[in-house]
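Below, in structure tokens: the form predicted alone, a single chain.
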């Protein structure tokens, strides 16, 4: 039987020691996990790169940790730059530096779309809030905005810049044509030429024979019938084959077979998938007349302006 005069401190001493050791172990594990982050090695390497290329003060000022571009007005929280630290150092770091420290290439698009205003994911897709490669590039459950990549482009018979055009059209939707957006420009011509508004409603205009297309890019692919579709069961693939020959994909459809060429079907699909329910502030929406004027050939040139370099996916 315990001594009645024994203090509570004496009784609980063993438990206190055990809990203290457990707490110490948890702290050690937290430090270990922080040290073992995927982005840790890149952040230790980056200041060395800056110093090597003559930016010693910037190297000393570099603060390790999660980096992000936060733009509340368009709902962007992009932590991509936690790994892609060289993104805005193209004037200092050579393009030959391996990913993810490679600087973003400079081109005509970038002069009008600075990182502080647009971030990364509006153009490249991906889960900007993630801090792991798998999370940022592949996403988790319920994540439906894949990061654009050369592999994904090739899988769908596209070039990387063509896929990015789809996202450019989030803001450039009302341009009749936009400099540097050949795929989307082709699709807009075809959409008008084939008189798609006779059957489809887009932003309150058009016929009601076919489904409304105003926000076609938000359509859930699980609602599509893939019974007559070959290849991947994706929204993109369904639309490409449906536009190529509607009767083959949807035998009872009222939509005629336009027999578009593959490149035409892909361009139209990019256009349809760019029509999403996204809200951008007025200052993000370009003036369609300015885009139209830019597409007009100058008196001394008949060349349509195009980006000087193809953007790459982070």
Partner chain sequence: MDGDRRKILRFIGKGSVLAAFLAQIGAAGRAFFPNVLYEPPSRFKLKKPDDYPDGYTLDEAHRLYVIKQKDAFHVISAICTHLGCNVQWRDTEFDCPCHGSRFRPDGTVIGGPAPRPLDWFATTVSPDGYLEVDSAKDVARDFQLVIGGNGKA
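In this text, all values refer to a predicted model and were calculated from it rather than measured experimentally. Residue numbers count along the first chain shown, from 1.
Note that the form predicted in complex with the partner chain isn't included here; everything after this is about it.
This chain is displayed alone, yet in the model of the complex one of 220, 111, 91, 96 has a heavy atom within 4.5 Å of the partner chain; that residue is 220.
This chain appears without its partner; in the model of the complex, the one residue of 60, 252, 261, 44 with a heavy atom within 4.5 Å of the partner chain is 252. Listed stretches are 173-181, 202-210, 112-120, 99-107; the contact stretch with the partner chain in the model of the complex is 202-210, by a heavy atom cutoff of 4.5 Å.
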